[in-house]
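Take a look at this single chain, the form predicted alone, given in structure tokens.
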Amino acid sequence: MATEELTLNIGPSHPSTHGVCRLIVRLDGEIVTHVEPVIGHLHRGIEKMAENRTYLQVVPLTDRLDYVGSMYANWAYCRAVERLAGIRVPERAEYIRVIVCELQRIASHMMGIGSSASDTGATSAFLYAFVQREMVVDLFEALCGARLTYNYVRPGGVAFDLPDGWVEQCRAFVAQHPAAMLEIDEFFFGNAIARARLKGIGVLDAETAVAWGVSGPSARGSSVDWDLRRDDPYSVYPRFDFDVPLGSNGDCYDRARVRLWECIESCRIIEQALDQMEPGPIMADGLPRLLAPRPGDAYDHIESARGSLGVYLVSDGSARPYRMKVRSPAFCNLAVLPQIAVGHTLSDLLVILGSLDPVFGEVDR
């Protein structure tokens, strides 16, 4: 018997949309026949605003891109500035950048895993993940005084050296974190209800992931073996021994679980960085207070918690960027939602959206 489809608007302000996003959904009963993400509700024009600020004044704007992973946006922008201006970053600053950004990866993944747990009704797992995230945020607060928007990585280095006792606190965190991840793996990813809600749901095959520019854990969950830290190495990453976890089925389960294994690998990287780091300057020598790179352009990218995050800058020789463009992994990853959500139930749609781990500050910019 023919039935009439129902059109349903979810959001833009709804907890299940993982941010300020509107979904226009067509349903045949409980089954999704079409979904269209409507973005732009968080658009602030950051790339245009950058044209009216000095290179240093742009750094706080980058905090507001991926506000769950501000350190990454700071770093990607600063690397583009340094490439444009030919700035050589001191080695200690490079190690500190790696340490804080791997900590940021853990904090961001705890948000992603916790959200997947919350979406499937596993509130306890959400709380376990956020205990770990709070430990990282405490470390960031001790380092730079902020808990969300850090403004810490600067062109030429970092804003502050590590305070007394910080290294010991960081070592204590990475010593206990892998065991905490194995505990979450056992009682959440091993739970029959969670497996039923995540396995086989929102399958993204590797070919589609590559074709749509999906990157990060969302692609690696589909067996796309690509990680910029290893495949286009930058900073001091070539000095570290670490593995790139991959999924096999490309479903919500694999995307979420890859994030868990990546946290354990981040701990391995942090431990090696702490062992190798030597005393030294944290900011490049001779930097003018007002940077004015020569006319030209530069692009640099890093592996953020959501994937390949890139910044393109054009200089006209003045003290302000002539143009800035951000390559947002969250934007590219969100684009596959209509491809992988059709045919699933409405409740599955929200789990699939959460498994892509979008941050709409970066999507909308």
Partner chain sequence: MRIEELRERVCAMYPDLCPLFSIEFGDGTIAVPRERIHAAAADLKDMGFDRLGMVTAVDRGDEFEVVYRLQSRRLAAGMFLKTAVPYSEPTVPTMCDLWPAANWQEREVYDLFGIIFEGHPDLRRILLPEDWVGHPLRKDYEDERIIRRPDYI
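Positions refer to the first chain, counted from 1. The structure presented is a predicted model; accordingly, all values stated were derived computationally and were not measured.
Not pictured, yet referred to below: the form predicted in complex with its partner chain.
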Phe160, heavy atom within 4.5 angstroms of its partner chain in the predicted bound form
no
4.5 angstroms heavy atom contact with its partner chain in the predicted bound form for Leu334: yes
### Query
Can you check whether Asp297 is within 4.5 Å of its partner chain in the predicted bound form, heavy atom basis?
yes
- Leu290: touches its partner chain in the predicted bound form, heavy atom cutoff 4.5 angstroms: yes
For its partner chain in the predicted bound form, the stretch among 77-85, 134-142, 114-122, 163-171 with residues bearing a heavy atom within 4.5 Å is 77-85
From Ile302, Val32, Ile39, Val59: within 4.5 Å of its partner chain in the predicted bound form by heavy atoms is Ile39
Exactly one of Ile184, Ile264, Ile201, Val224 comes within 4.5 Å of its partner chain in the predicted bound form through a heavy atom, and that residue is Val224
Taking its partner chain in the predicted bound form and a 4.5 Å non-hydrogen atom cutoff, the residues of 309-325 making contact are Tyr312, Val314, Arg320, Tyr322, Arg323, Lys325
